[in-house]
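Two separate entries follow, structure 1 and structure 2, each one form of the same protein chain as structure tokens.
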Structure 1
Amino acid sequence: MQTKTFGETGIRVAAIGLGTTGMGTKAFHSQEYVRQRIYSLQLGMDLGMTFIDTASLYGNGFSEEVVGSALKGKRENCFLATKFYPNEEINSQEIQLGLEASLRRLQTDWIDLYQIHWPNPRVNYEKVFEVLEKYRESGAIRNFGICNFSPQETWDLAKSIPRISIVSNEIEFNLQNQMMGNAYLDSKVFSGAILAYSPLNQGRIVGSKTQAKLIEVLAEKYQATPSQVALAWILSFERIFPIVKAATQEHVKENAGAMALVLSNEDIQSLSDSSAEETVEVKPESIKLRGTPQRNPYLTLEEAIRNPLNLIPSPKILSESILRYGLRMPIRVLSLAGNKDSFEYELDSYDPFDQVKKYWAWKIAFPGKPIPVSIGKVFQ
């Protein structure tokens, strides 16, 4: 299966999309690594993954620039998704400039999917889409999507912009973390496409020893790799599209191979059943914040509220979403030495800022209360 129908749009889109995080910034990147990423994106498209997901926030626009280079000669065949993050002081000129800058960096006249990167309860989306609808009419934007919206947030958004069609939502969905994906599969709130980010659980693939054993058995049975089984499991959900980041060519080829793998209904069910997310609540003081000057995790509540690194969404805004919608949002941590009476964790460094935002948002929303964490481990 190379393509699937994209939600309710009727458009056929590559079943697996290519992720584009971690390329660095214009000022700080390795040229050799960027060359490798361009080659891997082009290889991915040549192997049928003609769907790229980027964002204006990734490397402050640098990821879009790299994608623009990778798309040379391939734009017509690629479904291109990028993201924007409107802030609460809606300024139509800023929204227009943001879109035009993305088009310029991507070296294209149109974006197939323009997505709101994160919900922000302070934003008046009616005003945002008043500006953007003109671009949809002119063809510069073909579809609108959202990311990281819970079902209730999606419902509220749809009510506030009744004339706008939102065709997709990009959320985390993998064997370890099925929480949000299941919330959508179980609810009738949204029938668009779901883009599953971190489909390989950020390279860990599984989330528990049980899953690790199961996926080995299935990989053997299907003569495939564990990653291919994990991707094929996501592909089995009709409207879910995994977005996988792979810098290495071996990984790109392996991931493309997953599009040909069809698991039996029984095996799909056993993978789903194996996946109860290992979320526990831990004392805030058991999470050690470590950082470097470049990757400062914020060390005080005051600093987190001030948000000097301009993390988006800010911990404060994220805390407002948590409070308003009752979101749990486990923070991914790594286990340090522990015994049965005392455990210590540190924030996962795969995407440290993502965890920093959630950690402080939780502390702002519920001072002193236990924090929900998902404990990341490598099981292979």
Structure 2
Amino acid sequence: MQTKTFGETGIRVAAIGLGTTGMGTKAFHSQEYVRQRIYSLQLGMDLGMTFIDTASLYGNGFSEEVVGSALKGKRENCFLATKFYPNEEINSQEIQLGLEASLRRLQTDWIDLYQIHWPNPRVNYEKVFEVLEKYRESGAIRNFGICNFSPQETWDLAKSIPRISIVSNEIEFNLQNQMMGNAYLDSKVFSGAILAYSPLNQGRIVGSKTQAKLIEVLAEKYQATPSQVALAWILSFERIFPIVKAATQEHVKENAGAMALVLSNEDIQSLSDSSAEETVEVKPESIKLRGTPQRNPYLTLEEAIRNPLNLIPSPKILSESILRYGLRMPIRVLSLAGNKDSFEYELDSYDPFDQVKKYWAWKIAFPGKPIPVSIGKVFQ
């Protein structure tokens, strides 16, 4: 079992965390799939990945229920993280009820890491943490963390709650998307643990032909799988913890094997240098919006502002963050057709509603202006 010190807490935590997205909701899920997810979580803990990350937003709390079932008889040995999202209208009673509901679903008396799921510039965090601090003092919460906060937002949060220690930030970090992670590693704004979600780029692992070729060579060199090489690269960063979706027992075993893989400094640097994510600005009308089989994307500005799907954060709130903090949040797109002067694109299927949020946030923040996009390709 490989462990790392969790930021500046002094706590030793499993180097790889088990992710819990995609389980469906209580009203709509496959019982067999959920059963397999429980087995996978339990297997992962048995293999040394005793760090589980979930959220109250995942399946409207259903993910927490599944984790609670998986933790039976194993809770004492698990570092458990969950998240909640406070909106600007939340009050003390709602914060208390939300936390107590998570504890009940997780079938536990304490949460090792309680995280703010998304930044919201309208929230009074001083009041939020005034309530949460009482639970930390009682032992129901042991540490506070944040998710998806940019360095600018993290700095602002620290100023608003100077007496509260934030020990971690969960952000996307993988071979294709290194921008935010590198910003934290290169700055002194935050010295806590970094939790890397989508460490395998949602199964794609790489983001370019160059990376695909490189990781194939390294997999052969180390007698490992491409996924294991990608995870070992992330594990080489002292304070970054990859959070990998525990979907099947086969994948769990493969991911656990990455903890035994040590890459040379030269190969680590080669992987770090291989990122070639291109960001350009394009006309909004050149982008084809896409949703999922269950939900259509917002097609009008009015619909995006109303936010009937309750996307979190809403496009309007995200636009306020973009303006307030000068955020650079390119939309992930795939090139459809065109030439060097005129291209057409569609939203990447990689978390399409996250791209929908960003698309409309840019439209709200800068009406009539080009939108920054990251042009990707699909590689297996």
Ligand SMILES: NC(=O)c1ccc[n+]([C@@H]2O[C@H](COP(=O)([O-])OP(=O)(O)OC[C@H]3O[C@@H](n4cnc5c(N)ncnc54)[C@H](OP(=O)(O)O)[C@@H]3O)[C@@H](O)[C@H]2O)c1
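Structure 1's sequence is the ruler for residue numbers, which start at 1. None of the values given here were measured: they were computed from a predicted structure. For the two forms, the rigid core is made up of the largest set of C-alpha atoms that agree within 1.5 Å on superposition.
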- line: The chain seen in the form predicted together with this ligand is the one numbered 1
Displaced residue check between structures 1 and 2: G10, CA, 2 Å or over, core reference: no
query: When the two forms are laid on each other by their rigid core, does D348 show a Cα shift of 2 Å or more between structures 1 and 2?
result: yes
task: Inspect the rigid-core superposition and answer whether the C-alpha of I371 shifts by 2 angstroms or more between structures 1 and 2.
output: yes
